[in-house]
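In the block that follows, a single chain appears as structure tokens, in the form predicted alone.
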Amino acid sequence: MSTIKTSIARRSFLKSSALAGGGLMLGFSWLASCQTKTEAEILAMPKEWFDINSYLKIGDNGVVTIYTPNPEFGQNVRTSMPMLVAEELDIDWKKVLVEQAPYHPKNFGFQFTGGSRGIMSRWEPLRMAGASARQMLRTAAAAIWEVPVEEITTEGGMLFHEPTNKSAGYGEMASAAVDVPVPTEVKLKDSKDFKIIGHSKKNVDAHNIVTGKTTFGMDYQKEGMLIAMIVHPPAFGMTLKSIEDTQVKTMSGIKDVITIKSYPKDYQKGSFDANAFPEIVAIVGSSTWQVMKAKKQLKVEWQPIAASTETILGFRGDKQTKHIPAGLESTDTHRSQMEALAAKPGKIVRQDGDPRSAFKKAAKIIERTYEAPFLAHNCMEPLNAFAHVTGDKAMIAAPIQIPGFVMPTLAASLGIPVENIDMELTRMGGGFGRKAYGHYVLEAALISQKVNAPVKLIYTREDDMTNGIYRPTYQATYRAALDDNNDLIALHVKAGGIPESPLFANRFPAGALDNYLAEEWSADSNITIGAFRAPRSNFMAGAEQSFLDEVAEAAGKDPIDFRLDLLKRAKENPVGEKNDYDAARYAGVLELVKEKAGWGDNQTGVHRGVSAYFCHNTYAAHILDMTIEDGKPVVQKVCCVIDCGVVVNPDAAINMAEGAITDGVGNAFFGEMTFKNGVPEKNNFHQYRMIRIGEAPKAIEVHFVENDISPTGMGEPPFPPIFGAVANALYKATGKRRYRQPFLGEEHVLG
């Protein structure tokens, strides 16, 4: 049991009548959401509510509403985060309702979904909220019963004083608890005492999602709402010159055609203000169909952009200079550009020992270059946002991962104080980093302000896919030096990309070798890029793990044993002081996946690939079983082991691992965005190939390392290593190494 300082603001109690104030604050009980019940069996709504702190309120009948602060896009934080509160509150999960909190940083802190930091960052604050509320209830009961608070126990939403045989429900004490001072410190449970954390709970929204009741951004409706769509340049490297809208404005249902410039002059942009086309044309009308028809008729003329330089305020407050070149870029020239840059000396990021001398003395040198293309996010739900700007106030409802980063941009662009902007957080139909960039929210607000009406902005699939923001294109060259005994004595990695480097210089196998060199390079581009599920790791893991397999084969060693030997060195006698991984935990997932998959049990016709990687503070390892059927690879099974500390909701964690693995297999086989003269060559799913149901792994087996370490990342870590597992299995199946993604050709068969 740990004792921590609290930091929860008190709020007055809330009458049930206040719930009628409107908005998107929908509550769903576990009973109502996950089981079919008669009305009599569903929990009755309380007549009176009492706000205990920002995160929870207790009804007079003992029902507890818990606010989930972070946006939800399928990772199940709307279930897992309330579990943390409920555990420390000591409430029966069946008495819990869940509501999505609106954007309110004063009450809920940094409301951010991304970087696999949701549960990690909320692990103590949410438990503290529950523990503080429980302590306040105990204090209230002790005062009313005139007994020492130390003698008050709780269980399942009930308070007990065994010496006097007194008991009361939380609802009976809630009115008194609101007047109790917030405790300055509280004790949190030991993991051995958890009753909710670590026990699977069904998604609180599951029933409502499958029956169409859950409100995604695309579902959002308001009376009098107009529909807006955008027209952006057809190519990166172009901008608006003129429009001819006379005919379009006469079309049925069309209200206006306007141009929008996203940012005011001299505005200090941040990292998440990335916007492929900051000047666009917007068509506003009464219905989606009318606007879509008008969009096809609109005549727009475009012109080349001029080269420019801008200063970006980084995530941690540092300023970065970004060069945006003029010109129309193509995939073919990108490849030539990367090859030329890779041939030159890069920026040395880390050097251990004397790698150059080691390579000169090597008995054998292995050198391989790996490439990966731009990737589009292709969330199931395209970009959309609702906005209603009236005078000096604005109301926003949007599926966005980081509302806090778009708020200052909204305030500056609209000329409205940030405190006058209200934002509801709708559920997202996928995010993967794409919806961390809020330009579409800004566009909706500017359109609403200009037409003086409530507006819902909708991107078509083509708008979404051709508007950025993409995973960059990358290249990495690895070199390994082996001695006469086939021992690895040096490793050199030089990695770069357009327009950023993917290198993580201090990750494995750094720290496991006496001689190690890491260099990087990058090239400017006007193609807009951004976070994509496990940024940079999603490429480096595949390249690194493919190369380690090839080196292991050259050394005549089993690929898992080869990795474990390196990790043993990193654990017992590490090189350098900046290694950002725990060698013992890294080795642990490899040892467990080897056991669980039965690594030595060979099956006729089944080809196995292994891969492991560390990112987002979590360790993941995969063994993938592949067969070849009718000339096509078929993933029969993936055995996955993850060390992410305490697993809050096992069902949800397994679902995230299964999704990451399936997504990774699809991207490894098919994912690719190409450009010709600045134009994205794929604009919908008839061109951009995604994995199909029949191509998903036939079975996925997920295991978690059991420990008491505080939770770390879960949504992203299982994704990067699957690329290496696919590549290594393909080699075993075909005898051919794959160095360029996607691994399958244009006809999506083995070449």
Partner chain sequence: MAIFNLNINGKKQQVDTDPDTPLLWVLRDHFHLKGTKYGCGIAQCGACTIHVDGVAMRSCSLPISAISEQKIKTIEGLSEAGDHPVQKAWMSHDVPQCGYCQAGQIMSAAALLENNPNPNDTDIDAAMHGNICRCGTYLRIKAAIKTAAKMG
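Residue numbers count along the first chain shown, from 1. Owing to the predicted nature of the structure, the values given are computational and were not obtained by experimental measurement.
The following text describes the form predicted together with the partner chain, which does not appear among the structures shown.
Peer 1: In terms of non-hydrogen atoms within 4.5 angstroms, which of the given stretches 60 to 68, 721 to 729, 698 to 706, 45 to 53 touches the partner chain in the predicted bound form?
Peer 2: In the other structure, the partner sits against 698 to 706.
Peer 1: May I ask whether Thr460, Phe532 and Glu658 all come within 4.5 angstroms of the partner chain in the predicted bound form, judged by heavy atoms?
Peer 2: Result yes, every residue of the spot touches the partner chain.
Peer 1: Heavy atom to heavy atom, is Gly212 within 4.5 Å of the partner chain in the predicted bound form?
Peer 2: It does: once the partner chain is placed as it appears in the predicted bound form, Gly212 has a heavy atom within 4.5 Å of it.
Peer 1: With the cut-off set at 4.5 Å between non-hydrogen atoms, does Asn378 touch the partner chain in the predicted bound form?
Peer 2: Yes.
Peer 1: Do Phe216 and the partner chain come within 4.5 Å of each other in the predicted bound form, heavy atoms counted?
Peer 2: Yes - in the predicted bound form, heavy atoms of Phe216 and the partner chain come within 4.5 Å of each other.
Peer 1: Would you check, heavy atoms only and a 4.5 Å threshold, whether Gly429 touches the partner chain in the predicted bound form?
Peer 2: Judged by the heavy-atom cut-off of 4.5 Å, Gly429 is in contact with the partner chain in the predicted bound form.
Peer 1: What is the one choice in Arg585, His207, Arg117, Lys557 with a heavy atom within 4.5 Å of the partner chain in the predicted bound form?
Peer 2: In short, His207.
Peer 1: If the cut-off is 4.5 angstroms on heavy atoms, which of these, Thr333, Gln268, Asn506, Ser287, is the one near the partner chain in the predicted bound form?
Peer 2: The option sitting close enough to the partner is Ser287.
Peer 1: Scan 187 to 204 and write down, in order along the chain, each residue with a heavy atom lying within 4.5 Å of the partner chain in the predicted bound form.
Peer 2: Heavy-atom contacts within 4.5 Å come from Lys201, Lys202, Asn203.
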